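Take a look at this single chain, the form predicted alone, given in structure tokens.
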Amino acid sequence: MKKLFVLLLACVMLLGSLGAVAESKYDLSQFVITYEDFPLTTEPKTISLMGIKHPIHGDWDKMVFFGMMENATGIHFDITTIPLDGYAEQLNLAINTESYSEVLLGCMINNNQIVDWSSQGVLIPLNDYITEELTPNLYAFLEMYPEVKGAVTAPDGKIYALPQLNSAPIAYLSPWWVNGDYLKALNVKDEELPTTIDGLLALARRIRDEDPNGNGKADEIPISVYDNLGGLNIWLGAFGLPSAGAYVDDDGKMQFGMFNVEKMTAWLSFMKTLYDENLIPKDFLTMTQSDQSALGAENRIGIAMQAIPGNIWYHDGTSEEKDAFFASCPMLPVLGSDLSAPMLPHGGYGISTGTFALTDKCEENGNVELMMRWADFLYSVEGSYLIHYGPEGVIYEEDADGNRVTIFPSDGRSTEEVRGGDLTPDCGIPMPKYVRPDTEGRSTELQQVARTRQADEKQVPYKRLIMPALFFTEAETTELATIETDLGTFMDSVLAKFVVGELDIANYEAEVITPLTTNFKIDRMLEINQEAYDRYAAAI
């Protein structure tokens, strides 16, 4: 890989001439982008930019990524950020009051918003700028991945927002992790972890009954879950269902999971067992991620779903000792049951749409071509590394073999806290980039090495796509909204009632099938989804 960052102290005067950047705790003269297309302008240019600020983020205008990009390109951003909590309402307000920026970066724009805002003229089409000459990296990327091109192509055939693709399985396959200390206390080895629903129940009961945290109290949460049914929906796959809602079958046809009485009732019986036997929190319907973090810090959680174990449990010690502990927390295998071989439903192949869009204000100011060339860099190997990890020399360095060797922070923070706090907004918020298949696997951090290996071994063979990201026309969106709003409420409510015992699973057909066929236009919903899926299939 071409070396992206070099130590060039002689470049200080050049960097200063490209315009001032916000004060940073890092000496940006140490981190220089060497890229043949930069600078993009000979005169400093200021462009307005809006993004979503994750709680782990520091101030965007002090991040190393934006400072380096400004110094290299000549483009300075006037940045407005919206807090992640309640971002959807604030983003819609910005659009409705015309207080949005020229560039929407990391705004998590969904497909319905793209259709709506493009019809209003707020978002501009980008197709004419995606060419081999102007944006060679982006053009080659979309040609290489037609499924990504299909996912970002609106019903009118135009592209209004650019995506992220992280092609490593760990980016899109949701893992359940098991507390490594608990397993030691229970004398359970990684290779002995359960592969079936019955085996999971047996392990969860041992966590509940045998005091693996050693505090003499029966306070362990065998399986942690939050946000209603949360990740428990993934275990539908163990019973042979990709989803309780709409999904695409192997023949490309839309199906609706709740109509499958045998598999749904088997899953609900399992869920009710978890609830009745105190294997999940009694208040799981109202628990939040913050609640889970607090329980993890008290070492009360046995099994939980997060991207990495370090997001679940707290561990005393040095950064290296923490890394070793989290690497010792194994990934739970994908589960099967008497009804099905193991299956891992997932929502997409690492594709996040709506990560970068340009508005009519950008077009009015004549900045579209500049910003498309700016974004194109992020789809190069060098650019993807920069926005994903920050510059070499802060939280990683490359060894002679091209491996990414972790530099553990000396201030008590984790590498993720430094990455999101100081280096890049690409931490908790999808950003426009293409992370190559081998990028994640090049880390030497023990937790990351273990995570990558286990995803390849334990998850990839069993993955099953529920449905690709689909675009709907305005009319389809309006019609779906009238169907899905009440339907979603009904589904969440009725499933929860079965789990907590307010409804009898034996009455599933009367409580579920009859209302679904009587009160909701499921056939029409599936028809609309089928039409959108057929457009997607044609686009790829």
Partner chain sequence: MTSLNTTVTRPGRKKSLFARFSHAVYKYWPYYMMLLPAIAYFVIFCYGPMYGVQIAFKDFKIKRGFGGSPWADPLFKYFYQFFESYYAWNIVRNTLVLSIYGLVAGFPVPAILALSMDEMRRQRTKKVVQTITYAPNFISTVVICGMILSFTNQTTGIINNMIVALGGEPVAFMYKEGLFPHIYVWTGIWQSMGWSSVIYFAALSGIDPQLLEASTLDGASRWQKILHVKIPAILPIIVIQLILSAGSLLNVGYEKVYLLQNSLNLNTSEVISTYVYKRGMVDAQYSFSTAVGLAQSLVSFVMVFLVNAIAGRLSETSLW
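Positions refer to the first chain, counted from 1. Small disclaimer: the values here were computed from a predicted structure and weren't measured.
Only in words, not in the display: the form predicted in complex with the partner chain, which the text now covers.
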query: Even though the partner chain is not shown here, does it sit in the predicted bound form so that 93, 116 and 489 each have a heavy atom within 4.5 Å?
result: yes
query: With the cut-off set at 4.5 Å between non-hydrogen atoms, does residue 500 touch the partner chain in the predicted bound form?
result: yes
- request: Answer yes if any heavy atom of residue 481 is within 4.5 Å of a heavy atom of the partner chain in the predicted bound form; otherwise answer no.
  value: yes
message: I'd like to know whether residue 372 contacts the partner chain in the predicted bound form, with contact meaning heavy atoms within 4.5 angstroms.
response: no
- request: With heavy atoms only and a cut-off of 4.5 Å, decide whether residue 122 touches the partner chain in the predicted bound form.
  value: yes
message: Counting any non-hydrogen atom inside 4.5 Å, which residue from 438, 456, 98, 262 sits next to the partner chain in the predicted bound form?
response: 98
query: Just one of 46, 41, 493, 34 has a heavy atom within 4.5 angstroms of the partner chain in the predicted bound form, so which one?
result: 493
- line: Which of 411 to 419, 280 to 288, 142 to 150, 394 to 402 lies within 4.5 Å of the partner chain in the predicted bound form, heavy atoms considered? The stretch 280 to 288
field: in the predicted bound form, residues of 312 to 344 near the partner chain [heavy atom within 4.5 Å]
entry: none
